[in-house]
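Shown below, as structure tokens, is a lone chain in the form predicted on its own; questions about how it binds or moves come after it.
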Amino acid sequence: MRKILGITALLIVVCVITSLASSSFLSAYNLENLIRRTALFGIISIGVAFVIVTGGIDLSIGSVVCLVGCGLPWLLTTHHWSVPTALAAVILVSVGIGLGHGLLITRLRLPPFVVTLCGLLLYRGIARGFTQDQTVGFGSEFKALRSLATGQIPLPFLSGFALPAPWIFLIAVAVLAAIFLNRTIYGRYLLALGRNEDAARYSGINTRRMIVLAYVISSTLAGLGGILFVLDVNSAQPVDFGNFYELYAIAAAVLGGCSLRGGEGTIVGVIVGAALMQVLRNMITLVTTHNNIEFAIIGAVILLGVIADELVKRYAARRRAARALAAEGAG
């Protein structure tokens, strides 16, 4: 809870500073765009949070977004598949990717870093292959489908402002994820696995199954994100579509309280972390002329999050040791 309050306070401070430095920050257009981007990145950030909770990592998220984001319009416009069939196909591909990652990690004992790094290269390469490195898009077609990402929900109490449609998807994903992680036995299994895999296994938890489940959730939500991203922008270039999105997702999860050691994480914190990342990007665009420092900020954010997590862990360990000594002395 303290981490969530801290990151929320930081988000408010950054918003206030940006609004004072740029009058366009609080415009309806900018806020709607900011909320839309937060929702899109929040979905993939929730996915990677499940993997991080288990003590793993998923570096393939951006490439899964690319594969799905290029695959959907390619199936619809080039091969003329029906919308339900194309959507089902790309979601099944996303699920299959997560299943493959999980099995390689649990059955062959391959490091998650290696498996997902290879996925990062493989899936983008596949997308570049079947599109022949050409931009794919919807053109002026499929407007009803695109409204899932571009649509707006008017708010009667806020004149001139409408809630972007992707926010509905984020809320639905977040509620389901929070219930699963905090209110089901499988969520507790994931947290126990992240804290101590050996202890979880000796307690009777099927750790292999839970690891596979985490990677399936991550890739499935990356696939959902890929669908919404391409519906939002209308076209995708396989060379750079979804590039470095895994870094935004990991940074949001770490900022939101997910420990890279595993065993800790909250869905609300991840959403706040995703919002902070997007506000920082927005601040760089509106306030400075140095848009090229964006990745430097992401790297600094991840590093500071890891440092803070390590310091908190050491402080907690010292306090536990001191209490143990005090109890022994009192006895």
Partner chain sequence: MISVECASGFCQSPGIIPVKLTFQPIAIPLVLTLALSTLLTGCKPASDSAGGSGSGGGKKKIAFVSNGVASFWTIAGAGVKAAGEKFGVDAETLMPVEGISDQKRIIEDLVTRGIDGIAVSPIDPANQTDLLNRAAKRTHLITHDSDAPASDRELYIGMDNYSAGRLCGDLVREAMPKGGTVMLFIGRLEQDNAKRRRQGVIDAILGRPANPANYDAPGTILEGNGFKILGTLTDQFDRAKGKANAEDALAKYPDLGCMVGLFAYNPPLMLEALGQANKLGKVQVVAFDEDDATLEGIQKGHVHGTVVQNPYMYGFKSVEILSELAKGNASVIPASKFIDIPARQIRKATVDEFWTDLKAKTGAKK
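Numbering follows the first chain given and starts at 1. Treat the numbers as computed from the prediction; the structure is a model and nothing was measured.
Omitted here: the form predicted together with the partner chain. The next part is about that form.
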Residue stretch of 153 to 161, 219 to 227, 93 to 101, 113 to 121 approaching the partner chain in the predicted bound form, non-hydrogen atom distance within 4.5 Å: 113 to 121
Listed residue (L213, L87, I126, L76) with a non-hydrogen atom within 4.5 angstroms of the partner chain in the predicted bound form: I126
Candidate from L304, V268, A296, L286 lying within 4.5 Å of the partner chain in the predicted bound form - any heavy atom: L286
Any non-hydrogen atom of S24 within 4.5 angstroms of the partner chain in the predicted bound form: yes
Close approach of F244 to the partner chain in the predicted bound form, 4.5 Å, heavy atom: yes
is_contact(S140, the partner chain) in the predicted bound form, heavy atom dist at most 4.5 Å: yes
is_contact(V239, the partner chain) in the predicted bound form, heavy atom dist at most 4.5 Å: yes
Heavy atom contacts to the partner chain in the predicted bound form at 4.5 Å, residues of 33 to 62 in sequence order: N33, R36, R37
